[in-house]
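The chain below stands alone, shown as structure tokens; this is the form predicted on its own.
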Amino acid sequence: MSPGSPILVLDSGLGGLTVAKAIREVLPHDDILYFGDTARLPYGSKTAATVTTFIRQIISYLRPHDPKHVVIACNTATALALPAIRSEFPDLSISGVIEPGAKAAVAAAGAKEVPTIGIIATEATVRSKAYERAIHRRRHHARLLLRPTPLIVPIIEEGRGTDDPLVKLALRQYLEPLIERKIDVLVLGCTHYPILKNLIQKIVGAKVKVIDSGQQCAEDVARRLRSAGLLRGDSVGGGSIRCFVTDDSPRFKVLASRFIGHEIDSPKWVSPDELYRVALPPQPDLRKAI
């Protein structure tokens, strides 16, 4: 790998594009390869073994691009698969979104003796207790309120915006119990959620600090690349973003432009069968054994 090598950003669907956008803002000269596993989403209702298999397949498929860093831009996949994936690809630099988000949440809590930190996320992320562990490593005396919000990802993937009554109704139903318990900080524990950040902030009120883990993740990636001497210089101009999907719905390009903030090229379709074949271990040549 070299400073000119791309950054890989992986997610179950569109949500990780909020991380890709944040990386583009922090590292505007770097190329990004984005993979949205749109045929197999949502990850939030799947087991750790299944999600780990999916991430393994995606990294194996994109590995020939010689990435200088891999971002698992999905809270569920970070919670369920990150340690196993790091073990399987020890020569790759791989990070997730939970640790940067937890670090920012603790910082936002300030000097309050026992802050109340709310976390909204998928069911799998909540069950994993990954945010609880990450926050309590940094702040032992914190009251954590975790709430699974399974409807939000499908609603966003449908293309519904902040002016949609269904979006407002779902968010209020999920957020009002946290507001009643007087949270000081709210962590958006899914990379889809920042697309609704302004509405979420309006609902919880100005006194609650809302943490977008995607932005924290981008700053973490920049720090890692700077430490490794892999930052790309500004002499090459602006970086590019290339997308891959496992289900090339015409809706992806339209919604991706909303997530990333500008038009993107049509994504390349990669079938799940192709991912499965790439990740298979080498098979012995049976003809030689005869």
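So that there is no doubt, residue numbering starts at 1 and follows the sequence shown. Please read all numbers here as calculations on a predicted model, not as lab measurements.
This protein has a second form, the form predicted together with ligand DGL, left out of what is shown; the following refers to that one.
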Of A102, V185, L80, V153, the one that lies within 4.5 Å of ligand DGL in the predicted complex (heavy atoms): V153
Answer range among 55 to 63, 239 to 247, 42 to 50, 224 to 232 for contact with ligand DGL, defined in the predicted complex as heavy atoms within 4.5 Å: 42 to 50
4.5 Å heavy atom contact, T122 to ligand DGL in the predicted complex: yes
Heavy atom of C217 within 4.5 Å of ligand DGL in the predicted complex: no
Exercise: V71 in contact with ligand DGL in the predicted complex, heavy atom 4.5 Å: no
